[in-house]
Ligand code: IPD
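Before any questions on binding or motion, here is one chain by itself as structure tokens, the form predicted alone.
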Amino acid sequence: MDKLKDVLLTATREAGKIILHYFNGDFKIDHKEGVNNLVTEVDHLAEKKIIEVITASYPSHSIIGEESGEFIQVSDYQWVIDPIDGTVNFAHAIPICCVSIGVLYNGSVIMGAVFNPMMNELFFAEKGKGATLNDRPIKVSSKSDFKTAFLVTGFPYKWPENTLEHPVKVFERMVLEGLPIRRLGSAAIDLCWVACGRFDGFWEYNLSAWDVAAGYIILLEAGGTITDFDGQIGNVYDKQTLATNGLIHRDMLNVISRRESQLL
């Protein structure tokens, strides 16, 4: 596992160097699905470097990258890569973005790293060994009073189908609770900032595996709780993500599930 960790951290740091080099500079910006779903040439450069580092040591491992797609191998290991989580922030020179890489074994996340090179913050976790920020142990907050909770959320570019209500309705209910809520623009950072106690809870619809794989294990290893909006423990492929310090989890579930039809 030491080699796996070394490769993961090397890939993360090398991609971080690329991001930092181009930050607030000139680079090409394109659009994916939807006019505001951006991708830059830096995303591609960073992902290429990550894949190069991984395949140099583990050529038989499967890889799924946000920009490159999936490289399917017959392997128990899968690397899930987001070269820049928070690309819109990066494209506008807002330093809340990061490299996010998770390692799965037989479908379960066993290791993850999230690196914001502009803030020089490297989060890491290995299953069963706790979570760290720049090599120092981290843990979730001890906040148990939901009325004083500090929350963070995000909004998808495309509203999820088959939901009982618009996601803004849930946001509205949280706001009406009188809670301070932030929207940073990077789900990986949101999860890590819950993991280190800066926020007490996070929720978002329609995330992809590369958005949450690394943050998932970091949050859990820091003592947090992560489920879908029905309170069911799932995996990184779920389209509903609720992550908290565990102490306010039930309160957040209650607000999320308190639909308009139940209020009439």
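Computed from a predicted model, the values in this text were never measured in an experiment. Note that residue numbering begins at 1 and tracks the sequence as displayed.
Below: the form predicted in complex with ligand IPD, not depicted.
> Going by heavy atoms within 4.5 Å, which of 178-186, 133-141, 120-128, 104-112 lines up against ligand IPD in the model of the complex?
Replying inline: Contact-bearing stretch, as computed: 178-186.
> ligand IPD isn't shown here, but in the model of the complex which of Ile63, Ile226, Leu207, Val53 has a heavy atom within 4.5 Å of it?
Replying inline: It is Leu207.
> Phe155: heavy atom within 4.5 Å of ligand IPD in the model of the complex?
Replying inline: Residue-level check for Phe155: yes, a contact with ligand IPD.
> Could you tell me if Asn116 has a non-hydrogen atom within 4.5 Å of ligand IPD in the model of the complex?
Replying inline: No.
> Is Gln78 close enough to ligand IPD in the model of the complex to count, meaning some heavy atom within 4.5 Å?
Replying inline: Because no heavy atom of Gln78 falls inside 4.5 Å of ligand IPD in the model of the complex, the answer is no.
> Gly86: heavy atom within 4.5 Å of ligand IPD in the model of the complex?
Replying inline: Result yes; Gly86 sits at the interface with ligand IPD in the model of the complex.
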